[in-house]
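Presented below, as structure tokens, is a lone chain in the form predicted alone.
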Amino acid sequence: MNEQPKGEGQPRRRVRADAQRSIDTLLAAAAEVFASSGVDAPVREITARAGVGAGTLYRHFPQRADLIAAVFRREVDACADAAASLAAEHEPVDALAGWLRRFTGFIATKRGLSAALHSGDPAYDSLPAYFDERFVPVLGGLLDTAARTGRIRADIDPKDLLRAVANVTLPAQDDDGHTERVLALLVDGLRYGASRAS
């Protein structure tokens, strides 16, 4: 009753508060399991972490692809939404750097999903566009605001920067600080020539 089907293109109905809590718990658990064990991890590993039964999982996500796509969208949304609070709490260049750090965390999670996302399964066809729709405007806004301070260049394409950060990001188990050091170099590079670009 009042449940929300997850299949692509199916109509969405209002979800009861307790059902939404189950969905949120499942998505959080699945994100953790996918990041550590991959998207082919047994369902019981996800349900055990979420503290729910398999029936609850299948009621909300009838196919594994439904769950994977929902986890991806949830992670994209959380990362994109973090920009507003960072912009409110920090000066523009620090907000930009903070969001790029947050984005590296997303990339580490996405690597757990990459096998599925690059499988050729049509269930995932809309996800790359979703990534761009959410991240390009967010990063573009942070870049524009920071560029207006004169402290970074004004000629940075957000898509180029997203790609660059994704290319240097190591998985979550990066424990020697490589990703953070390379990200600091990238942010320093954004400052190069700022006075000429402003």
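As the structure is a prediction and not an experimental result, all values here were calculated from the model. Residue numbers here begin at 1 and follow the sequence given.
Not pictured, yet referred to below: the form predicted in complex with the DNA.
Visitor: Within 4.5 Å of the DNA in the predicted complex, do we find a heavy atom from each of 128, 136 and 162?
Guide: Not one of the three qualifies.
Visitor: Taking the DNA in the predicted complex as the reference, which of 38, 150, 140, 53 has a non-hydrogen atom within 4.5 Å?
Guide: By the 4.5 Å heavy-atom cutoff, the listed residue in contact is 53.
Visitor: Please tell me whether any heavy atom belonging to residue 178 falls inside 4.5 Å of a heavy atom of the DNA, as the geometry stands in the predicted complex.
Guide: Although the DNA is absent here, residue 178 would stay clear of it in the predicted complex, with no heavy atoms inside 4.5 Å.
Visitor: Does the DNA get within 4.5 angstroms of any non-hydrogen atom of residue 145 in the predicted complex?
Guide: Looking in the predicted complex, residue contacts with the DNA do not include residue 145, since no heavy atom lies within 4.5 Å.
Visitor: Is residue 19 close to the DNA in the predicted complex, meaning a heavy atom pair under 4.5 Å apart or at it?
Guide: The answer is yes: residue 19 has a heavy atom within 4.5 Å of the DNA.
Visitor: May I ask you to check whether residue 60 falls inside a 4.5 Å heavy atom distance of the DNA in the predicted complex?
Guide: Output for residue 60 is yes: heavy atoms within 4.5 Å of the DNA.
Visitor: Can you name the residues of 133-153 that have a heavy atom within 4.5 Å of the DNA in the predicted complex?
Guide: Stretch hits: zero.
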